[in-house]
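In structure tokens, the next block holds one chain alone, the form predicted alone.
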């Protein structure tokens, strides 16, 4: 695609002395008001260099470049050179690219040869996969898709919470109050009830905590009975997790969780000791990080057992040695900011310059309208329940409105689950928010269903146009002068920006950049749809407008795909 900013910088370089083309390109702006041009060049910086007033410089530049065919109009306003692109050339560039590239529109190879690890979701075994997990799960999945679309060699890791003292508690609870068939029938809800009961009973009988610690010690030592129970809890939990992942259309390349690194931690502790980073503190081993304004990092407890931080250091070393990553991304809640600052600093102190390539991508927390979620007290909203309710409510809307769809159940699943995912990805990831059924299942306004409906509307236009006209439009060999009205140009500008938006989202680790953009595309398409009669008698005009419809449809579909959401053809 033509890079207009670069092309304009090259033109300006012949009219501006004393600045490189790269410097000029960095100064070119896109005005917030389109009445001030498609691009603008401020001349304040040149005043000292050229010893002239900025408005005079702007006038000189305007006179030198205004005759170029790339522009419809160039004017100087005070110290600015305002440039209006040739509408025909611009719409031709934007629409041709979006039509011809289709499912690959926006795709690039800027990440070719670079490995990116994306760790996300990471629920705890034998605990509920609740609404709080949706953030890491869908944000991580979208970041993976964005990097994959940009040509990076991506690898998805679900770092399961399958290790730690909570398994001692779970095993004790199962042995005292458990029933095998109940676990088989409903693994997570049953195991949660045991875990909740343990925390109620321990208040009356504190010795249960000692019993749980002893059981976990046996598990760490490889005791056959404890290991067998732990493996069973893990397998049953994964079955239930995968049912939810299937609903979301999410898969992983690895489920290596905390337990995978248990045999790799002694080497980490030894290396820290060899590099004189460990200090003893009340029988425990710590790394003193006070010099870096961080609290001490506890590496091993006084009984020699390891902690999360030890396992995360071991995991990072393993991933670097195994995958030689370009980036190692962790989509984990902002609550863990200190934890990540600590262990990444420790890796740096160990002498590994790739510590800077380990990136914590934090996100805000989800709370319930009735208060904070608590696994211990059994106060959670199961994610599967949210998804099922969204699908069921969507199905009712489809039936009530008599929506023309070939498969009601499939469409309800696409739209209902898409609504939940879009809701998660529509705001900045760092914001905390309160989970509300009414908001998640609201299909009005700037929502997933609105964007999906716009895609289906574009598909309907193409079906009604007939195969011959659509085939001509799909060739992108059309008369672009027929689609140069304001609504056409407004839509074309958004299509043109789509590849830039994907790169911006990757740089900011922010899927909401894509979400907001495709909402804008959907709104601009609907404005074009209402203001322009598309299926007109004039064949050339009809085919040109259909090319714009195809371009918009491709952009919306690809944008939704980057969010992990499907684009229905009928709705």
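Since this is a predicted model, take the numbers as computed values, not measurements. Numbering follows the first chain given and starts at 1.
Although not depicted, the form predicted together with ligand ARG is the subject of the following passage.
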Partner proximity in the predicted bound form: residue 424 to ligand ARG, non-hydrogen atom cutoff 4.5 Å: no
Taking any heavy atom pair closer than or equal to 4.5 Å as contact, tell me whether residue 340 reaches ligand ARG in the predicted bound form. yes
Taking 4.5 angstroms as the cut-off for heavy atoms, does residue 405 touch ligand ARG in the predicted bound form? no
Check whether residue 428 has any heavy atom within 4.5 Å of a heavy atom of ligand ARG in the predicted bound form, and answer yes or no. no
Where does ligand ARG sit in the predicted bound form: which of 267 to 275, 159 to 167, 445 to 453, 225 to 233, heavy atoms within 4.5 Å? 159 to 167
Of 327, 482, 493, 133, which one comes within 4.5 Å of ligand ARG in the predicted bound form, counting heavy atoms only? 133
Just give me the single entry in 93, 154, 124, 300 that has a non-hydrogen atom within 4.5 angstroms of ligand ARG in the predicted bound form. 124
Across 289 to 326, the residues having a non-hydrogen atom within 4.5 Å of ligand ARG in the predicted bound form turn out to be 308, 312
